[in-house]
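Encoded as structure tokens, the following chain is the form predicted alone, with no partner shown.
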Amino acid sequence: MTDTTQKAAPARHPAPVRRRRHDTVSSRSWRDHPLRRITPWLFLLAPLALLVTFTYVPVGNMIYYSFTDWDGVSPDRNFTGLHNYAQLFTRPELFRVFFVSFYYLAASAVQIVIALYFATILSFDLRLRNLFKGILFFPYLINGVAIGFVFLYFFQDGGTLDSILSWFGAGGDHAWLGEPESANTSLAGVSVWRFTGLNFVLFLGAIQSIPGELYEAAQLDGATRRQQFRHIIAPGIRPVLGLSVILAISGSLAVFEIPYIMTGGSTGTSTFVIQSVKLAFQFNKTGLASACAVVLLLVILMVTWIQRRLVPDDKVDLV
């Protein structure tokens, strides 16, 4: 008597093979499907629509308004050609605001140096370094309007600054915001106090991203802190330093809230943005204000292009 269980042929299961072939065919068909190619653009449709609506369309309208005499209210817009740009560069009271930006440009250079100095020191192992990091970055977190009101009382006649100076025998009431030179210097000093923390965080992050093995090897070779900064830190943070320079130049040209709160643009402290706002909303010269904004945009783009040409953003290899 034979054992049927031993002679029985093993069962075959062709179904999984057919399913695997079906999955391969379906995956190939989806890979070649036209809808798959446009799927990334469908996800980009919403942000691109917002970008075009709230950025490029207003910029286009601003450029169009700069060639008209529109007052911002009436529906009449008469084309004037380059008349607004001619006024901007021929009227001294309009062109003078360019020179105010040099105060803030010098202040930006000072704040970059201070931020780089403290970022280099606090990147090493020091006591209470986290406390000093918070102290340096805290002014950047404060609202600009609040800073303007605080320093308005700080620089007023007989205010906080005069009281501090009287402790050292230099007392007396000084009109810190009453003359163009002292007022612009004071306002630029406020910008140094506020924006040093931003550059400090950028530099500190760039320094800490440098591999620690480089510092250890430099210490074994007997390199000093100054030599480590020159040969390791400075080349490693060059891209971030270039970004800080661009932000400093563009920021010095677009200063608004601190001088507007503290002086309102009087005593020769009017910046380019303050002048544009006054032309548009106080004197109803939207066309001329748009020309100012276009010139500001072109200056920032030109400065950025020059900086990129002089200091290209090359890849840094420290190893």
Partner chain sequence: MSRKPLSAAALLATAMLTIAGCSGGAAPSTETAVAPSDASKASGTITVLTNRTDLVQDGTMGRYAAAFNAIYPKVTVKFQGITDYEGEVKIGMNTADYGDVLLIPSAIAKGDYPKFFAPLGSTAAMSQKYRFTGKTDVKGMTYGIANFGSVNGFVYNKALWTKAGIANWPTSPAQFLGDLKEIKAKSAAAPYYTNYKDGWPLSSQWTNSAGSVSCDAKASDALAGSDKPWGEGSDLHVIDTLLYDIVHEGLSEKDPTTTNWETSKTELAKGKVGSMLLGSWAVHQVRDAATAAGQNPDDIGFMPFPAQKNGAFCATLVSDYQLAVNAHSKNKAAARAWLDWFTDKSGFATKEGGVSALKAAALPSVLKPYEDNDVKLVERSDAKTEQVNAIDNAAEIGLAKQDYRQKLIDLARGAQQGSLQGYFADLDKRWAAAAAVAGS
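Residue numbers count along the first chain shown, from 1. Computed from a predicted model, the values in this text were never measured in an experiment. So that the term is clear: the rigid core is the largest set of C-alpha atoms that superpose within 1.5 Å between two forms.
Although not depicted, the form predicted together with its partner chain is the subject of the following passage.
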Sort through 165, 110, 175, 217 and report the residue having a heavy atom within 4.5 Å of its partner chain in the model of the complex. 175
Contact residue in the model of the complex, chosen from 75, 212, 81, 92 - any heavy atom within 4.5 Å of its partner chain: 75
Whether residue 48 contacts its partner chain in the model of the complex should be assessed with a 4.5 Å heavy atom distance threshold; does it? yes
At the 4.5 Å heavy atom threshold, is residue 282 in contact with its partner chain in the model of the complex? yes
Should residue 261 be classed as touching its partner chain in the model of the complex when contacts are defined as heavy atoms within 4.5 Å? yes
Is residue 41 close enough to its partner chain in the model of the complex to count, meaning some heavy atom within 4.5 Å? yes
The stretch from 119 to 127, 192 to 200, 242 to 250, 148 to 156 that lies within 4.5 Å of its partner chain in the model of the complex, judged by heavy atoms, is 148 to 156
If we check its partner chain in the model of the complex, which of the residues in 265 to 281 reach within 4.5 angstroms of it by a non-hydrogen atom? 266, 267, 268, 278, 279, 280, 281
Exceeds or equals 2 Å, Cα of residue 231 between the shown form and the other one, core fit: no
Residue 138: after superposing the rigid core, is there a C-alpha shift of 2 Å or more between the shown form and the other one? no
